[in-house]
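In structure tokens, the next block holds one chain alone, the form predicted alone.
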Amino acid sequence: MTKSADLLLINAIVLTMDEEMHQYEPGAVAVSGDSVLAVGPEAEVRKACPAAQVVDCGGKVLMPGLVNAHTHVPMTLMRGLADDLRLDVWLQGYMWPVEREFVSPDFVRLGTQLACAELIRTGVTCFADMYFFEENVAKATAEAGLRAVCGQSVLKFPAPDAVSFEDSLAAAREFIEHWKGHTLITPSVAPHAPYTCTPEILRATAQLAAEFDVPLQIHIAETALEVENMRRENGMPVVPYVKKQGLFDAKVLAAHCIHIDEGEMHTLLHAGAGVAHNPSSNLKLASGFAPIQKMLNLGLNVGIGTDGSASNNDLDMFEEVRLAAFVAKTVSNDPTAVPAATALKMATRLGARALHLGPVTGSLEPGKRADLILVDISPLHNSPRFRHDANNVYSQLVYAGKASDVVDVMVNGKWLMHNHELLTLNEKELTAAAQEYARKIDTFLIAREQSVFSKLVALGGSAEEESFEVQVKVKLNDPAPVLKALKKTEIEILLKKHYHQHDIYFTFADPAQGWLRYREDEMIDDKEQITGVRGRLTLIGPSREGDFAHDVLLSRIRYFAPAANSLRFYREYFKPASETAVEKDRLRWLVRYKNEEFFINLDRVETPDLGYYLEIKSRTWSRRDAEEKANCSSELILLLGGSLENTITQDYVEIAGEEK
């Protein structure tokens, strides 16, 4: 019985990548509409499926298109933006600030188009994306003709497309409702990672994905620090934690999974989750080596992804497949680990299954969509060809093949590239538009790099304290008189605190930048026990208004921001010229004196060993108020037993510098 086809591809080395890894040479594939009608030996397929259009493949490899299991396609516009950095520095110090400044629907559309052109040229027919303004990613991808699982990102922080995570969730729902059932686009929701999402977000996104039966994408256990923090804060590894939040009620695609143990692998397997392995990104960011061979041995569906162009820095899946094989061999010290055929399977059939698109794409089988590529294995770099082992062709593709060997690309029965010519996108226009964005981002970063303040603001969460800071301190030989004087009726104590403070002051080559102080406050209770720790950054500028009577400092710019990252992060991010450590024990009182509020600090400076200091502080937005408080500060110094003869307006970092 014959079945008419629309297109017959003949004279090819057909690699089906199906369960039995069938090969046919010479082989043929018949296409009807958007799907594969028949696959097999050329003579049989030609007889069974006559077609009006016949294409001679010239002995090239005809195989399923590659599946990029994890990427962020609009980030092509940030390719090469910041390299050779740790993940936290790269992400929080550069990617997120640039995204806050530039990511828009136009940015996302252009970045996606640029990525689609690159993906097509490198033989990718399907990819998984998670980013912002995902509606625009989906539109641009569908217009380019590629297949994709598009994930609307959700984070606990404000995002370029949402001021709150509730807005992101609402956008994800609307996005899924709009694109559900599309022939090329599978909508999904993408909670970024456990450390950037609250338990509420994880539960809500899982429920949303389950409600619409769509995939859920998330980064899992990408760094050792993430796992360490999860264990410390929640008493369990990452996978059990997200399971506890009900994440596996959804069809999960977990990116990275570098630092997981065998028990967590079993959890992923039983949940039917897919894993996206990203060797280039993991190597470049020194995130570690995912235990891929163990995952495969257990039966997990492990695909291969490029990650975004900002961390890779390309979307070349041929390179990723090769690296996936090489890294697995090196880590296991076993040259037989992840052989070429397995690596290619990860980039096709297993990748499609990881995306929960196994019934649709990933192999050349009747009924599946006609997503296929033609690869020339005759160039110089891939010659000669051996035929004694059926696996040799996989080795040629994985170990010697290059993305430039991809000649033709078809998705859903439609040609997207023919004889190296893109048919749905204009590369010249896209690269010109991309360069214009690069110019704007360069201008932003150059200006930011020149200002410590701008870099602090770029981290987010920063704010300026009141413009006028009344501050004066005096050296003490004995703190006892101060403690006694605080009981005087003229002073009303509103609040008392006890801290142990660890300060690192960053100094910069340009003195006008001021000092950046990284502080860890240990809160001490009445039993001398630490009850909590708080981190904060403070940018201390030079005096703006000079001093007032008795050397009371009237004005000094101060900006502060929460310090959510490690000291090492801030060293790499701000690149100080030098550092000074100051450690002190501080008793602090908030008092009311003459209807004005002041902070009274009694400090024992331990590092360097400077002894005791009495400090009076107050802040205001009003210069007149500052002058009045300056007079009161002088009175308080005398009332507390200090002397105005040797008042000090310097910060401890300045005093420490003089002591050296």
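The term rigid core refers to the most C-alpha atoms you can superpose between the two forms while keeping them within 1.5 Å. All figures in this text were calculated on a predicted structure; none of them were measured in a lab. When you see a residue number, it is the position in the sequence shown, counting from 1.
Keep in mind that the form predicted together with another copy of the chain is missing from the display, and what follows is about it.
Undergrad: Could you check which residue among Leu344, Leu114, Val239, Cys257 gets a heavy atom within 4.5 Å of another copy of the chain in the predicted complex?
TA: By the 4.5 Å heavy-atom cutoff, the listed residue in contact is Leu114.
Undergrad: Which listed residue (Asn419, Thr489, Gln529, Gln435) meets the criterion of a heavy atom within 4.5 Å of another copy of the chain in the predicted complex?
TA: Here the answer is residue option Gln435.
Undergrad: I have Phe326, His381 and Ile446 flagged as a candidate spot, so tell me whether each of them has a non-hydrogen atom within 4.5 Å of another copy of the chain in the predicted complex.
TA: Yes.
Undergrad: Should Glu118 be counted as a contact of another copy of the chain in the predicted complex, where contact means heavy atoms within 4.5 Å?
TA: Heavy-atom contact with another copy of the chain at 4.5 Å: present for Glu118.
Undergrad: With the partner left out here, check for me: in the predicted complex, does some heavy atom of Arg86 sit within 4.5 Å of another copy of the chain?
TA: Looking in the predicted complex, residue contacts with another copy of the chain include Arg86, since a heavy atom lies within 4.5 Å.
Undergrad: Does at least one non-hydrogen atom of Trp415 fall within 4.5 angstroms of another copy of the chain in the predicted complex?
TA: Answer no; every heavy atom of Trp415 is more than 4.5 Å from another copy of the chain in the predicted complex.
Undergrad: Does the 4.5 Å heavy atom contact test between Glu572 and another copy of the chain in the predicted complex come out positive?
TA: Answer yes; at least one heavy atom of Glu572 falls within 4.5 Å of another copy of the chain in the predicted complex.
Undergrad: Within 4.5 Å of another copy of the chain in the predicted complex, counting heavy atoms only, one of 247-255, 470-478, 437-445, 517-525 shows up; tell me which.
TA: Heavy atoms within 4.5 Å of another copy of the chain in the predicted complex occur in 437-445.
Undergrad: Within 4.5 Å of another copy of the chain in the predicted complex, counting any non-hydrogen atom, which residues from 46-85 show up?
TA: Those in contact are Thr76, Leu77, Met78, Arg79, Gly80, Leu81, Asp83, Asp84, Leu85.
Undergrad: Kindly check if the Cα atom of His182 is displaced 2 angstroms or more between the shown form and the other one relative to the superposed rigid core.
TA: No: His182 shifts by under 2 Å between the shown form and the other one.
Undergrad: After a rigid core superposition, would you say the CA of Lys575 moves by 2 angstroms or more between the shown form and the other one, or not?
TA: Yes, the C-alpha moves 2 Å or more.
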